[in-house]
Every structure is written in structure tokens, then in C-alpha cells.
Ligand code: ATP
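A single chain comes next, written as C-alpha cells; it is the form predicted alone.
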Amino acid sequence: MPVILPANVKFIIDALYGAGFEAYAVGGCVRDRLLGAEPKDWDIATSATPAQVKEIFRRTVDTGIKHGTVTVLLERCAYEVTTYRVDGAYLDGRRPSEVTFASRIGDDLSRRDFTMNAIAYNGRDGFVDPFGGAEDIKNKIIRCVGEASQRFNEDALRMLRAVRFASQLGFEIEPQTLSAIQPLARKLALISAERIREELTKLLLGARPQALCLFRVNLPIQYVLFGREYPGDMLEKAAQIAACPKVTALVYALFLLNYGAESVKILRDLRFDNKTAREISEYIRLLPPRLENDSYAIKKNLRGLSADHFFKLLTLKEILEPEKAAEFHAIRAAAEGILARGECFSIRQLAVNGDDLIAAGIADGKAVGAALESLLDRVLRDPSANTRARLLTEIPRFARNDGP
């Protein structure tokens, strides 16, 4: 089955051939097309050297010139063009210490991680598939190129990528490839937290998060979460994540829930940005307590979480406690009613503001804040009290230092 190449990719390949060089679309983009998916990026491998690529194309960027990569810019799109290469020794368990440019596409494909990523294609020669990657894609198999232990020794991240692909694509890891992972799992300590987070996130958001169960034996979770064992049933957790909307904060809240307060440090170790880490932590904090179907309690939660996050919390509760689905549906309906009626649940929605309190003689900033909190609590309990006239009658008692 021919692969339909985007016009710009075909243009780059044809231009390289026109200059006397070979060129192919290669790697994940070919794999994705064979799977019927639209690639996010198109990578091109060529026999031309970086200097020769730069002579052929007018607009280029030296994005990875040391490793043979030049980015070609066409119509506001970027395409990485990399010279065929053979990797030198991997001294740090992550990247080759040096690369040597090669003249044959087969040499370049032989250094890649999995057979499904070691396929090249162009419209002239069709597929170059020396390791049976297309057949493995057809059979939904993840298999290393060559000796699995050698591939994982070269780059430890490949072990986590194998598990991630199993989740993302719904593939099975071939037995010899799988058996090579566990003895080398501790080498993941060489991988940066950011790369571990990236792969773990793709795994959790994958179509088949049941691949999480591979962490029980083949890739023990402590090598991914910085020495921490998993405190729970991974099979049950995988089922919960499978039922969860594909939203990063939600799947991590479920995944890390069993760690409790320690989840805050795990999020920090994974180098999450502060905003996402706070959202995940808040879900984890609020998931264990029982939610009340009470207007006052719902509005307190709406204030603390925002409406969007409160509804996401309800979704997580429904996944964790399906036997209480009717109760959570009722709370959801009550919250939707509060929002539809425009009932106040935050200080900014009050009919009065800090300037009104200052005008009434409350000069101290803390006293103004406390008074607003008291007025909000009054309105949370009685929505009809949120009128300017009624709340202004309440202000004098704060000015007399009667307290909130």
C-alpha cells in the first residue's frame, strides 16, 4: 500500500534526488501512516550531508548539526532532514558519544529502536523495511531491531517507550523484547525526569493503559517514580485510568491517588509545572472525603475549585465509586442548577465590594477581607441576600468592630 506523502515532504525528497542524493520519509511518520493515523511530524533521512542539504534549500536551521540534522523551512512548516548515520558507543545510557555519516539507508535503519520505527518510504523505491516492521505493525507487535538487550543498554529510555507504545497503540511487546527489560530497568536512573514524565504521560493517556500492569514485573514502577513502590493493585488502577477521560490532570490524579501526600513530591520530581501540579494535588486532596449534595457545600467547592475542576472531580469520584453514581449525578445536577441561576459562590460575585466597606469606615485591609468572607458565607447560605441593599445594611456592624 503506497504512502501518500504531503506535498512539502515530496518536494524535499524530490529536490534531494534532483541534486543526486537519496531521501526517504522515515520512522514514526511512516509507522503512523501504515496505521492509518496522521503523523504529527515528518522526518526525512538522506544520503546528503548537512552542508549539502543547506546548499539545496534556501531556508534552513542548524537544529542538530552535530548529529546530522538540518531543519528545512517551507511555507511556515519545519521538516527535520537528517543524514544517514551510524551511532558510535553509548557511554551515558542515553545518547551516542559520536555519529558517523553513512551512505546507505539500511545502515541508518539498523540503529533504530523498534522494527515498526525502522521503515523508510519514498515514491520512487516504495518501502525499505529490512527488519519486517510492516509485518509487526500488521500483527500489532513491538519488537526491537536486532538484540533487545543491546538496544536497551544503548538507550534506557527505549524500555519505557516500549511500554508507552503498548498503551498508545494497543500493541503487545514481543516476548524476547519484554524479557530484556527487567534486568536493565535500573538504567532508567540515567534518564531525565522530563523525559520520564513525557513517556509516562503518553502511556497514561494511551488507548490501552492496561500496559501499566507491565510495571508489576517487567519494568518495576520504582524505576520510573524514583525509588517508590506502587501502593496498590496496578490492575485495578489501570482499569480506573482506562475509564477516565484523556485529560492529563485527571489520569495523574487517579494514578498517584494511592500515594496520598507523597504525590506532591512525586509531581515535583517529575518536573510538572506549578499550575498542573496544583490541580492534580487538589483532586487528590478532595477525592477521599465524601461530597455532600447540599447547596452550601457545593458552592464552597465551586469556589475552591472552579466549576470546570469541580465537574472533573465529580467525574473522578464516579470512576472510583461507581456504586454511588446516582448520588454524584444528583450533585452534578445541583451544581449545574446553581450555575444556571447565577447564584453567588465567590467574593467577586457579591453585590458589594471592598470599596463599599472602606466607604463605610472599615480601613484595615484584613478587616475588609474578613468582612467580605462573612458576607459571602451569608450569601452562600441564603442566595436571596446577595443584593446591594441587603448587604449594605450588614456593613455597619463590621465598622463597629462587632466582627464578622
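On a predicted model such as this, the values are computed, not experimentally measured, just so you know. Don't overthink the numbering: it's just position in the shown sequence, from 1.
The same protein has a further form, the form predicted in complex with the ligand, not shown here; the description that follows concerns it.
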- prompt: With a 4.5 Å heavy atom cut-off, would you call residue 136 a contact of the ligand in the predicted complex?
  reply: no
message: Quick check on residue 328: any heavy atom within 4.5 Å of the ligand in the predicted complex?
response: no
task: Although the ligand is absent from this view, report whether residue 161 comes within 4.5 Å of it in the predicted complex, heavy atoms only.
output: yes
field: Exercise: residue 343 in contact with the ligand in the predicted complex, heavy atom 4.5 Å
entry: no
message: Using a 4.5 Å heavy atom cut-off, which residue among 303, 309, 332, 202 comes into contact with the ligand in the predicted complex?
response: 202
Proximity to the ligand in the predicted complex, single hit among 143, 299, 112, 317 (heavy atom within 4.5 Å): 112
query: Every residue in 28, 40 and 155 with a non-hydrogen atom within 4.5 Å of the ligand in the predicted complex?
result: yes
- request: Determine which one of 162-170, 221-229, 238-246, 280-288 lies within 4.5 Å of the ligand in the predicted complex, judging by heavy atom distances; exactly one does.
  value: 162-170
- prompt: Relative to the ligand in the predicted complex, which residues of 116-133 have a heavy atom no more than 4.5 Å away?
  reply: 117
